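Here we start with a single chain on its own, the form predicted on its own, put down as structure tokens.
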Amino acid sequence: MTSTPMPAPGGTEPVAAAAEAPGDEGLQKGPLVTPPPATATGVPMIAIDGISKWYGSFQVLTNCTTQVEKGEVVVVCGPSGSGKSTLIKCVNALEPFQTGQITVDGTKVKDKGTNLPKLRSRVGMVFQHFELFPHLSIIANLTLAQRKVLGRGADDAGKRGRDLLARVGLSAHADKFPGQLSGGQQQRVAIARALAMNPVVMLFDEPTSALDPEMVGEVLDVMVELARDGMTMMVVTHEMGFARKVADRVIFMDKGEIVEDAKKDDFFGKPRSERAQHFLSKILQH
């Protein structure tokens, strides 16, 4: 007995396989970034000062200190379990921390007077597993937060969303649902959704680790364009080719500590710590 295709959420048409979707148009010309208001001169976009965090009695971050200047691209790398993702999630308070302070564009994250929803609306976040709403169309995924958080009208939010879908090569997929897209397409939608909020910072938590190898390049291409457009970025990744091409600095973490914080050429050319040397010797040989 043959099975009947399930209807798409909220519709009556069968869900098409990603392979049957119209082809991508490719990255379109024009900036992905809408310039945010100018940050005060000499003030880093992100300042991380002495951050420590525990899960119960287990310490996952130990006295982490660094900063990211406006327009800078910083790659955070290290072995699994080193605290990379935890650190980046502390930047917009998705993970609480016990000691230290983080400041984003002049706003202190750990401050009783800080409006965290407002802060998060200015800090774009792209996760490993896309986190799109499966029951909403692609364009609805891009307009929901614009309308609910920023108060944009439906027309303005829709125009912003469709402009960004065009820029990441997905105009033809605006009215589909996430399950009808490939993993690489969904991650590009997730990037476009974050950009729709006009963030001052973009955080990426291993954005390609859940993708098939053939889909990694299409996501990295968008991230390279973002960097060229001047977006401030912190990127947790094992994609060392991307780091070599785009990063200004590399932060290497191990056992919850920042072991190295160096210019890209210094890190890849002559890492100071034996731990970083060992890490690079393993990851760069593949």
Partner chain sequence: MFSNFDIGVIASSLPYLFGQGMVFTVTLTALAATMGVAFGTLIAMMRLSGIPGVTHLAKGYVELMRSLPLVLVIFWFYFLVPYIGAWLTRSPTPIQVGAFSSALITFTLFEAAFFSEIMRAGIQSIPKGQTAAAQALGMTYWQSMATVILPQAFRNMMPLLLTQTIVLFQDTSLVYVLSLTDFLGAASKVAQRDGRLVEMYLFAAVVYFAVCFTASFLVRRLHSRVAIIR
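Residue numbers count along the first chain shown, from 1. Owing to the predicted nature of the structure, the values given are computational and were not obtained by experimental measurement.
Another form exists, predicted together with the partner chain; not displayed. Remarks below refer to it.
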Using a 4.5 Å heavy atom cut-off, state whether R193 contacts the partner chain in the predicted complex. yes
Any non-hydrogen atom of N92 within 4.5 angstroms of the partner chain in the predicted complex: yes
With the partner left out here, check for me: in the predicted complex, does some heavy atom of M215 sit within 4.5 Å of the partner chain? no
So, S182 and the partner chain: in the predicted complex, are they within 4.5 Å at any heavy atom pair? no
With the partner chain left out here, work out from 72 to 80, 103 to 111, 125 to 133, 155 to 163 which stretch has heavy atoms within 4.5 Å of it in the predicted complex. 125 to 133
Can you pick out, from L211, V201, A145, I139, the residue that has a heavy atom within 4.5 Å of the partner chain in the predicted complex? A145
Looking at the partner chain in the predicted complex, which residues in 96 to 121 have at least one heavy atom within 4.5 Å of it? P117, R120, S121
